[in-house]
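Read the single chain below, which is given as structure tokens and is the form predicted alone.
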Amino acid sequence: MKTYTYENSTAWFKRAVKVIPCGIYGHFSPAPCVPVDAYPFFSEQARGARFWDVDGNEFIDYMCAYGPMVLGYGHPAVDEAYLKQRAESDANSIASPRMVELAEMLVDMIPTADWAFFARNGADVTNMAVMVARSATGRKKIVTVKGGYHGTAPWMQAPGHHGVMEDDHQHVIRIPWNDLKALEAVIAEHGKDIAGLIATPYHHPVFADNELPAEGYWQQVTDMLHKNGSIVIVDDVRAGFRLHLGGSCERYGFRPDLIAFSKAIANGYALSALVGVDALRVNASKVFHTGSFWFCAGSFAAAMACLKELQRLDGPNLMRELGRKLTDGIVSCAASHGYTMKVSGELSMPYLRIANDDNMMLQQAWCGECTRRGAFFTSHHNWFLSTAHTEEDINRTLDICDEAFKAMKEGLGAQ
């Protein structure tokens, strides 16, 4: 099986570092992709569940642009809706009726939602959610989960990150996931000053196994916070519309006060949404939070087309079943080569790691060998399935996985 090389990608990166800090910044940067020479860093085109890099190498994509690609790159119905709206009006001096139509659609789809607010990035709406919680309660402190991620504002980043000051975290309290006693202790100590809790619907950190909520966990969290007069915020930016079209809270059986969405909402067009209960409508209207491109109508039209297609396909169940076939196949393939592959999280966006590995070196090597053969995997982050992935894609992927394990066994490493 051919292994890829990346001469053009490397040349583009050398150009990039001269004019862009890090060359490629943020979560697309080369830093977490180890071994670095196993990965491309610039793409030329994408279609369906695949992309092609600047060297012409073809990849079955299991990162899906880190989540936004849910129906497949270049989905015709979504692109048509966007282009039709853009031809009429996109950025404008006043709002588009498409904004109202999308808000109505979300209110109809999502049991928790009585209203919707729109922005462009996930961090926009997680920030907005915290501001609404503080406005509604008059309190300062926000409880969140250790290892959780809610964007790049200073309060969201882990202590010690460059440019983040201790003062940025003075009102943020971090507790372990699935630990009701820790939450109870925090409420006992800080209850009168807790505006709310923000957490993902299940715990999906990087470089670590993902963890589902314990049975009844979220309902107990909700009961405890509401009894304390605090707001429950779900950060559904990554998981939203992949687990349940009514919000991931519907899969886990509870009702939060606010839900933040982005990524899969518009199949790659820039959009995010915060939805909430009627009791927070007035406070949401009082909080000032806006941006230069938040009213661009094309993304609203794309989102409506995307959500309609997810409804038609029963997208969450389809992606879950595709994820089951992929992960079952990889577990079996790994076992045939003497490895134990652990799968955690939700099957539509699973995290996999080789359990016979104390320092991630085997996992990194295997993901690199798969990537250089055409299955784009990362070792540090959960993967994503889309409705565009097919059984043929999965079968091809399993062949690649088998070859990658053979390469490791034969000591080829990154050759």
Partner chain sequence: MIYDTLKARLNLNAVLRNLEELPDLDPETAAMIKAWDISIRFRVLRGISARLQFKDGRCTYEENAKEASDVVLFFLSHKHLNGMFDEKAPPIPLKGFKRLGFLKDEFSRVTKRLEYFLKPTPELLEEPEYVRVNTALTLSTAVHAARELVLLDPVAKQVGRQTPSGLLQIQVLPDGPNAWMQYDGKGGIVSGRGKNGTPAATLTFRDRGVACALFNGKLDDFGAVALGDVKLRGLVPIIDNTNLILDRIPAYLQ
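Positions refer to the first chain, counted from 1. Just so we're clear, the structure is a prediction, and the values are computed from it rather than from any experiment.
In what follows, reference is made to the form predicted together with its partner chain, a form of this protein that is not presented.
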Looking in the model of the complex, is its partner chain within 4.5 Å of a heavy atom from each of 45, 63 and 312?
no
Spell out, yes or no, whether the shortest heavy atom distance between residue 52 and its partner chain in the model of the complex is within 4.5 Å.
no
Answer for residue 192 alone: is it within 4.5 Å of its partner chain in the model of the complex, judged on heavy atom distances?
no
Residue-level question: is residue 56 within 4.5 Å of its partner chain in the model of the complex, judged on heavy atoms?
no
Is residue 176 close enough to touch its partner chain in the model of the complex, meaning at least one heavy atom pair within 4.5 Å?
no
When its partner chain is placed as it is in the model of the complex, which of 66-74, 370-378, 352-360, 384-392 ends up with heavy atoms within 4.5 Å of it?
352-360
Please pick, from 286, 161, 84, 140, the one residue with any non-hydrogen atom lying within 4.5 angstroms of its partner chain in the model of the complex.
161
Would you give me the residues of 136-154 that have any heavy atom within 4.5 Å of its partner chain in the model of the complex, in order from first to last?
none
